[in-house]
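What follows is one chain in structure tokens, specifically the form predicted alone.
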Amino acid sequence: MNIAEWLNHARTLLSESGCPDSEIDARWIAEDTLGMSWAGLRFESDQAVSPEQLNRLDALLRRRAAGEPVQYILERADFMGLRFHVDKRVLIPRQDTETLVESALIALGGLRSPKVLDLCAGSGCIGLSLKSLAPDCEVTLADVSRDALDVAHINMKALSLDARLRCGDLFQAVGREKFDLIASNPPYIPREALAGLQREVQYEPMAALNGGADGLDFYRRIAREAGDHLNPGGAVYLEVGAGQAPDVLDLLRTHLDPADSGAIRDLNGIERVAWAKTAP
């Protein structure tokens, strides 16, 4: 079997198994296993696949056909131009969250050595991306899961970026520390909706998805407690689910009495980030 034949086989199998991105997933598996770029796969499509390579390709293909996300299979995900290690201990970084990072980066503009808290950090993709793009900021990655922080530590070292790791339940992880910017992608899926999520999402840690009865449990806590952890003129930037921005903004405005606040839309036009900035 050559590369082209295996790719055709893989695309067909994945499509029949219900994978939404069968062509991309087949390509990623082939690129990773064969150590070739997409251009290499195309230009050398008639190259024979060795028995050892075929066994490896088919083993990974079976996992993907069963529903396991390709990012977990390959243990990597691309986010904000960086490559992050991911496994079942953390959520897979998504393009939606890039809107949060881009918005937070703009908010940091002009600040000297700002202190940034990535709350519910998971893989560390938010805080480490900010550190990469704004090297003078001091980043703290906080999460209740030590397993998640182990993954964040792997990424911190692999990307050669400095950050502090803190374990605890939301702000308990940072004691009385104050920050210039708090960014977070907290759990926001309503509990009853978890069972109906697509099969790929079912592989991800439920604790990082479960936002309580209405999906707003974590936003209530963050809004109540964030004021004690913001420097004057500090800001909170929160990723939210579709339709949640008005409720989250109400919470932020009630508890923070901000000087300014608003919502930012993602590339699909969905209000994806709720933010609030306190008075200087």
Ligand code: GLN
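Model, not experiment: these values are computed from the prediction. Residues carry their position along the shown sequence, with the first being 1.
There is another form of the same protein, the form predicted together with glutamine; it is not shown, and what comes next is about it.
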property: Stretch in contact in the model of the complex with glutamine, which is absent here, among 104-112, 67-75, 152-160, 181-189 (heavy atoms within 4.5 Å); result: 181-189
property: Residue 208: touches glutamine in the model of the complex, heavy atom cutoff 4.5 angstroms; result: yes
property: 4.5 angstroms heavy atom contact with glutamine in the model of the complex for residue 173; result: no
property: Touches glutamine in the model of the complex: residue 97 (any heavy atom, 4.5 Å); result: yes
property: Contact label in the model of the complex: residue 91 to glutamine, heavy atom within 4.5 Å; result: yes
